[in-house]
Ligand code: MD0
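In structure tokens, one chain follows: the form predicted alone.
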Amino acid sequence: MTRKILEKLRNGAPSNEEIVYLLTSGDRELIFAAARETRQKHFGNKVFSYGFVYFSTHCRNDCAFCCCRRSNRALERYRKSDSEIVEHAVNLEKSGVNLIDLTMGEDEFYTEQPARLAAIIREVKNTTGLSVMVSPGVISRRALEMAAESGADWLALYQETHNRELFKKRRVRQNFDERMNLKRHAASLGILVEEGIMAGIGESPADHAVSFGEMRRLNAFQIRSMRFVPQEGTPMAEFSSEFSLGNTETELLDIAVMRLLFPDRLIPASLDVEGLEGLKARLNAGANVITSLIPPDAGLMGVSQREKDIRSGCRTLRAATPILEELGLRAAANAEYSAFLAAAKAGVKYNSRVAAI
């Protein structure tokens, strides 16, 4: 059955039932091999890389799964200065990453004064010369427009689940449609969108299949699945999903199935779940972006794993390079990343061979 569905994927779209079959299949290695073959066809041996600057841990929201939730009084909060943010971005640029991901909680210091966020985007973009992703949570349409005017290339705004009832429980007192509509507005401004789900927060395999359909309708150019990591100081600190979707194998199958469904899109291998030790498995599942690269000694947190591998310098491109080489892969040059970005924004097919250097 798995082989028949994989063959169907080469010629058209499978049904949700067939996607669920793949997500729950015991033929994992067959699926992973097909995903790697698909990645090779569309991207060659290139892997892109994102530097991560989590510049504020203040947040107005009370998400049930997030350590930065407003009610978590045990968390040590920080808000980096503009000069610190730029310094961290410059250090990441020197390390060889292709993009700077500027991430914050929904910090009212910025959401109520969007010119502050726009100024940071502009300064990071001008100083590093790199593409910029902004991950600010839900901001006003005007704030998003200011971000676009300042040079933001990407908006990362994860729904985490497209099951509306589950969304209410996990993103407490937040508006499902407001979040989705902001992503649509970003696309209308020429900003590329990253959409993401979290595996293990109470959803079913069928919910994941629905999410993949929503990613397609959104025309997201980067799509992500991350395993849920319980966070101290949250209502879900002891949570265990009844569907057992909170394990790494589920995340890996999500990555592989997404690669097969979205052969020409970016799919991250995040270091924010298992650190460097989990990179190989995610690349072998079809991922083509290393994310959550964080410079050591910068005083920056991760999201799921606040400290894992950061101080030791193992959340860097240099540390990841031997793993890439072992798998016959290599870190992409900035010119190659820019070629992908230009094709995506122009709505034309990305040609990996033409973009190769």
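Start at 1 and count along the sequence shown; that's the residue number. Model, not experiment: these values are computed from the prediction.
What comes next is about the form predicted together with this ligand, which does not appear here.
Per the 4.5 Å heavy atom criterion, this ligand in the predicted bound form is contacted by stretch 98 to 106, the sole one of 116 to 124, 74 to 82, 279 to 287, 98 to 106.
Residue contact check for Ser135: one or more of its heavy atoms lie within 4.5 Å of this ligand in the predicted bound form. Among residues of the shown chain, Ser292 is one whose heavy atoms approach this ligand to within 4.5 Å in the predicted bound form.
Although the partner is absent from this view, Ile255 stays clear of this ligand in the predicted bound form, with no non-hydrogen atom inside 4.5 angstroms.
By the criterion of a heavy atom within 4.5 Å, Leu130 is excluded from the residues contacting this ligand in the predicted bound form. None of Met226, Met146, Ala220, Ile191 but one reaches within 4.5 angstroms of this ligand in the predicted bound form through a heavy atom, and that residue is Met226. In summary, among the residues Leu300, Leu317, Ala34, Val303, the only one with a non-hydrogen atom within 4.5 Å of this ligand in the predicted bound form is Val303. Contacts with this ligand in the predicted bound form, taken as any heavy atom within 4.5 Å, map within 36 to 65 to Phe52 alone.
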